[in-house]
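Presented as C-alpha cells, the chain that follows is alone, the form predicted alone.
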Amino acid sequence: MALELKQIEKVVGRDVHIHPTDLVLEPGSFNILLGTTLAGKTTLMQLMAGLDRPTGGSVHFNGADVTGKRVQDRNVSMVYQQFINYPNFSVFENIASPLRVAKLPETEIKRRVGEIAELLKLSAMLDRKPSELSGGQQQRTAMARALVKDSDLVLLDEPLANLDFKLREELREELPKLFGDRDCVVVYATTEPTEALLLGGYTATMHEGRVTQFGPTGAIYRNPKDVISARVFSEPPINTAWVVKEGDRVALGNVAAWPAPDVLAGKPDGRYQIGLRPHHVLPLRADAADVPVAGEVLVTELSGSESVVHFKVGNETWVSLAHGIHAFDVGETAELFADMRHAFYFAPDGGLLAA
C-alpha cells in the first residue's frame, strides 16, 4: 500500500508552502521528514493525511487517487507534538477509543491496549484521567492511541519533543521495531539530524517547502546531493566556504591551502564550495594531513564532555566540535585543524561533485 505524491503543492495567497513535489513511500517503510521549523514538514503531512487539500497535484494510496477523500474515510493515524486527549476518558479508554470505533472484540482491545501501554510505560496509569498525568505522560497517551490502531498511514509530527531524555532514547530505538512487521507507511517529522540517524529508515530532507533529497538515511548523510541537503543534515551546522582551485592546489582565501582532492581532478580551475562537518574541525592536530585554519573566536560552549568553538574563517563563521575540554578566549585568534579528506566539494550551482 504505497503512498505516492504526484506534483503535490500548496499555495496560500502569494505564499508557497509546498512546491510541486513527487515522492513515493513504500509499504512497510519508516520515513523521516527532516528540516528546520517552517520547512514544510507539517503541511506535507497534512496533505498526505487529507487534513488539508492541495492546490495542485494528487495523492495516491495503493494505486487509488485519494486526493479528495475525507480524512475520516482514510485509515490514518496522526500524532502531533502538542498532545490531544479526551479529558473525561481514562488512559485506557483514550487508547482504546479507535479500537471501539472499529468495533473490535473486548479481548482484542485489552490485548492491544496492554501491549502499547507496556511499550510506552503507561501500564500503571491506565485507570487515571489525563488531568492526573504529567505532560510527558499525556503525550505518551496520545501516541499510544495512534499506534494502537492498525492504520495504513501513521504520521508522527515531532512526537518525542515533550518527553524526558531517557524515554526519548528508548522510543527512538523501539519505534522502528514496533512497525517492523506492519504493512503500513510511517512518516516521522523531526528537526534533529541526530534523531534521523538514530531512527534510520529513509529520510527526505526539506528546505523552504521543497524536498531536496530522498533515500536511505545513512546514504543521504554520507552523500548529500547538494549544499542545501548537507546543511539540513548537519547539527551543529556544516561549515561552508568558497574556495579557489588553481592547478593542483585549493585555497580558502588567504586562510588556508591544501592539495586538490581527486574529486577536483580534471575540473577547471575556478571557484567551488566546500562543506565540512564540525567534528572534522578540531583544536588539536590528529593527522599530519590536517589543514591549519586560523580565525577569531566568537563563541565558546563547554560541557562536561564536549567543546564547541565558533570562529571566523574569512567571511564565514565555522564551528568546531571536539571531545573533551578545550578552552579558548573570545576575541583571540585560534588555530584549529581541518581534516579536508572528509570535505564535500560542490559546484558553483550547489550540486555535489563526484569523482
Partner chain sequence: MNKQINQKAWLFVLPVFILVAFNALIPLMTVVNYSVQETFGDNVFFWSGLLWFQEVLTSERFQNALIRQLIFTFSILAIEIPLGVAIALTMPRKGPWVPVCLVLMALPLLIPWNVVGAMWNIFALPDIGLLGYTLNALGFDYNFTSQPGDAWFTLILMDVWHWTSLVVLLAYAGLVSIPDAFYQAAKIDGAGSWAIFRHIQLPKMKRVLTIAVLLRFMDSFMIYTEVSVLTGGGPGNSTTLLSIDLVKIALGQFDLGPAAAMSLIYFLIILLLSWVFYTVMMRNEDQ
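Whichever C-alpha set is largest while still superposing within 1.5 Å between the two forms counts as the rigid core. Numbering follows the first chain given and starts at 1. Because the structure is predicted, anything quoted here is derived from the model rather than measured.
Just so it is clear, the following notes concern the form predicted in complex with its partner chain, a form of the same protein that is not shown.
P268 falls outside the set of residues with a heavy atom inside 4.5 Å of its partner chain in the model of the complex. Contact between Y86 and its partner chain in the model of the complex is found at the 4.5 Å heavy atom cutoff. The closest heavy atom approach of Q46 to its partner chain in the model of the complex falls within 4.5 Å.
Contact annotation for K149: at least one heavy atom lies within 4.5 Å of its partner chain in the model of the complex. Not one of V297, S303 and A327 comes within 4.5 Å of its partner chain in the model of the complex, counting any heavy atom. Note on contacts: among Y272, W258, Y80, F92, the single residue with a heavy atom within 4.5 Å of its partner chain in the model of the complex is Y80.
Comment: its partner chain is not present in this chain, but in the model of the complex one of V313, A322, V291, L51 has a heavy atom within 4.5 Å of it, namely L51. Note that among 218-226, 163-171, 97-105, 239-247, the stretch whose heavy atoms approach its partner chain to within 4.5 Å in the model of the complex is 97-105. Interface residues of 52-77, taken as those with a heavy atom within 4.5 Å of its partner chain in the model of the complex (partner not displayed): V71, Q72, V76, S77, in sequence order. Shown in the overlay between this form and the one not shown, fitted on the rigid core, is a CA shift at V101 of 2 Å or greater.
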